[in-house]
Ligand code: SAM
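Presented below, as structure tokens, is a lone chain in the form predicted on its own.
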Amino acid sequence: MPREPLHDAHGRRIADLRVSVTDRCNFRCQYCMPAEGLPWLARDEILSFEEIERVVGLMVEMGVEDLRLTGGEPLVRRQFPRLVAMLAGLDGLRDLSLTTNGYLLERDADALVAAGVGRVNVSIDSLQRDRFFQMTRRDSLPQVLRGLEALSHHPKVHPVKVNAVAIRGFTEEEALPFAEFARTSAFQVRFIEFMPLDADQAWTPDAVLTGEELRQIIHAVHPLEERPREPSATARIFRFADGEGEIGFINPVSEPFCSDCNRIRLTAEGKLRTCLFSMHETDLREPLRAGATDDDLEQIVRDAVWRKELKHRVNEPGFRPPARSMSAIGG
């Protein structure tokens, strides 16, 4: 049964939910996790498939239309396609997408598409094997590319986006190879500015290679034309002037898009976060397991969302990054 739409105190209607299904990951990307990894959550701390389905179903009743499943690395969660099928069947959900590092995509692509995944983002920070290893600490580029190839056999999964984190001193060299990749494949490449969410806490403003700098590098060789930005979109999308593909830039540091942000996040252990950089979380797992009704949960969610931050304040004096790194929050 539909419920009243979900709004925050700034008049933004919440329609996009990101759900982390695990904090575990089989990569150790420099912008996310330390080389030795992080302590994992115990199995009973993580929401069950049925608990995730219940929370997401309630959110859909409150007007959430877009759902993205993330991690950690979601494909390391056992029987993950079964969860996808459970969620894809929710009445009112318009879009079900997935963010993955692609390592297990060759194995799971067919099952994920059959279960109902409609869009996929694959994280690839370099198209050169040695540099991919440098960034991820895993020699896995060939396997990830095979996963992309497996996904390409399912044209109804569209668009497939390739995401690269832009770090100064590294990604400048990747800009043109990725542009060529976007021009010669069916994939949309997007560069994401490096954010202060790394567990090593090595982030500094100087490490951010801005989307505009990357755009200029590419535009000098392959002229670009900007497409209109859709409401609440995170990326600025450009079409190559000769019509050969698209490329995007997600610029949360240099060009924050907070004013029309319509996203909230649920961590693997059931904490509701109203901003990627939130300093506070709202626990949904304990009420779930203590017998809360859907009406009880709705009120908890509404109270939390009403307090959603106006903006992330990354560029303001006194900014403090959240205690969690990206892998523990959910991408």
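Predicted model only: the values in this text are computed from it and were never measured. Just count from 1 along the sequence shown to find any residue number.
In what follows, reference is made to the form predicted in complex with the ligand, a form of this protein that is not presented.
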Residue among L284, I52, C32, A304 with a heavy atom within 4.5 Å of the ligand in the model of the complex:
C32
Which residue among L214, A109, C261, V165 has a heavy atom within 4.5 angstroms of the ligand in the model of the complex?
V165
Can you check whether T99 is within 4.5 Å of the ligand in the model of the complex, heavy atom basis?
yes
Would L197 count as a contact of the ligand in the model of the complex, using a 4.5 angstroms cut-off between non-hydrogen atoms?
yes
Contact with the ligand in the model of the complex for Q188, defined as at least one heavy atom pair within 4.5 Å: yes or no?
no
I'd like to know if G147 sits close to the ligand in the model of the complex, meaning any non-hydrogen atom pair within 4.5 angstroms.
no
Partner-facing stretch of 110 to 118, 240 to 248, 150 to 158, 197 to 205, counted where any non-hydrogen atom is within 4.5 angstroms of the ligand in the model of the complex
197 to 205
Going by the ligand in the model of the complex, which residues of 316 to 331 come within 4.5 Å of it through any heavy atom?
M326, S327, G331
